[in-house]
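Heads up, what comes next is one protein chain in two forms, each shown on its own as structure tokens, labelled structure 1 and structure 2.
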Structure 1
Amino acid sequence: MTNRTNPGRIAAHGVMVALSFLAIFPVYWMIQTSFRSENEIFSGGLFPAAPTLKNYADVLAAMPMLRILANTALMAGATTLAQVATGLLAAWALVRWRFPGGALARSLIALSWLVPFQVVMIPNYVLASRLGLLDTVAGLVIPNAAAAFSVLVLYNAMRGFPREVVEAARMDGAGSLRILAEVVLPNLRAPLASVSILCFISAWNEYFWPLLLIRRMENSVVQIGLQFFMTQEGNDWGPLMAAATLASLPILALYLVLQRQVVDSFMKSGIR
């Protein structure tokens, strides 16, 4: 009996197909509900009987959705760049140099990852208020410019880089930043891609901090904008699903662009 006809292998594939279906079905339900008319929102069928774009038109008429998406993309992109840049420099310093307290610094960075955002939310708000950053995209980005997650992932990726290659570049006269930029970074494309997409998704889905900081709809981000269709009288499910679908498209596009690097990194580093 070959491996292809092994009953255990077939059962394992069946379980994976079932779990994949369970993971994808809510996304499918969101998309197909966004094309339903108000009369058939709760009909329960797998496909809309009369697909309509009215929900999308209602979303664009009710709020500046394109501007909100642009605000969110700017906030998530700037946060990702800042977290990757600070993570790279911190990881490079921890890997490249040996200094007293280096192990303690790594432990403190790891411990800071366990601190819930609610603990630092009020101090960050007071600081943002005094700096005049309330109701601004900069106020959303600056408190999240560094992330322990990116430091730890990039530190583990750099730790396995051959030290002989670094020393050879150093003997050729290259400085630390040049070695990082021209020797190390080209070999870290997969970890950088996975860290970037996970930081971007985390920033894109941020809810509590924008909810605390943002005042006006035109300066809002998409997670706050979705609340517009959720009221005490009930949820407006059609436009809500249409807005959620629009909010999901940039994340899907980013994943499709970086899919190969992300999967490769997940397989090598075991990020889940």
Structure 2
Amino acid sequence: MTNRTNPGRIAAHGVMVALSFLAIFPVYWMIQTSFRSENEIFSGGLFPAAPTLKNYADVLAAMPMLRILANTALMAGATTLAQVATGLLAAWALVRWRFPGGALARSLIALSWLVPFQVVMIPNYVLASRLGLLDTVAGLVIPNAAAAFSVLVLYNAMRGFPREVVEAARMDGAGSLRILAEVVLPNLRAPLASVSILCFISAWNEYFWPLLLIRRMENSVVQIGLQFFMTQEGNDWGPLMAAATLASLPILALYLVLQRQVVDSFMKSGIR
């Protein structure tokens, strides 16, 4: 392993540099375009010659971006909390007891992940509109309040928890909810963090259901707000790039802070 020939190493680094460039350059290009003035937008230089914040001012004037970001944060936060809570409870039931119907319940939850959303979208839309959920943040959260993914990941994490510890707590007279909260939960920090990160990012990036549900710009989440803005502004590239940058900022900041955890949690759980 150690005495690898140099050309091989150089080629390997070359490939990784090329791949990194491919990954990051489009994002860089978006951000730098957002700082260009109108008469500089079509010049191909790598940096804006006279950086300006005008595009950002234009976006904030043209659409309620801060409101939209707040909606999205609320939606993603609530979805994450709900998915983690329902996931924890369901996983605990499946790990703690063996009971008739348990295996069936687990399969039903797991298989729900195979049903493409487009197949159930019309009944879901009809139900949401009957419940008065159209154009609301609650309507975005409620159908996603449970996810096969979080149940399964937490189930696998809990299965490794030593049974003797649970038994000892039970002998001390603790109820099952208390055992979950006080004994099991504190030991699940790592999987909980990773499930939360994934739920949050995937809720933040959710596109299809908001596309059906949201009607007005001020009730929208970033995905749909950007879509509205894209159709309205057409080829006004500066403001469009500023809007896209603003929409990505929170998630890129999260990534910057939690980079290792984000990558690890995605890798441990496969594609979603």
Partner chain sequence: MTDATITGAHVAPRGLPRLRLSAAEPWLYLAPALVVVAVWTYVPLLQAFELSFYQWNMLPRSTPRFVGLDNYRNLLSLPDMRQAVVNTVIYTIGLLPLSVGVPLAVALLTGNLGGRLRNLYRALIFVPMIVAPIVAAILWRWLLNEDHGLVNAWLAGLGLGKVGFLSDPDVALWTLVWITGWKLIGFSTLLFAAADSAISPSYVEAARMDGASPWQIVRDIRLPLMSPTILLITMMTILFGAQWSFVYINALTGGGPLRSTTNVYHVMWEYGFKTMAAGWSTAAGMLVFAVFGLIAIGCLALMRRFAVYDE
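Along the sequence of structure 1, residues get numbers from 1 upward. This one's a predicted model, so the numbers in the text were calculated from it and none came from an experiment. Rigid core here is just the name for the largest C-alpha set that superposes within 1.5 Å across the two forms.
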Worksheet, complete the sentence: For the form predicted alone, pick structure 1
Practice prompt. Take the rigid core as the frame of reference and indicate whether the C-alpha of I41 shifts by 2 Å or more between the two structures.
Written response: yes
Fill in: C-alpha positional change at A11 between the two structures - rigid core reference, Å
7.1
Worksheet item: Hey, core superposed, how many Å does L254 shift at the CA between the two structures?
Response: 3.6
Response to the item:
Between-form comparison on the rigid core puts the Cα shift of E233 between the two structures, in Å, at 8.3
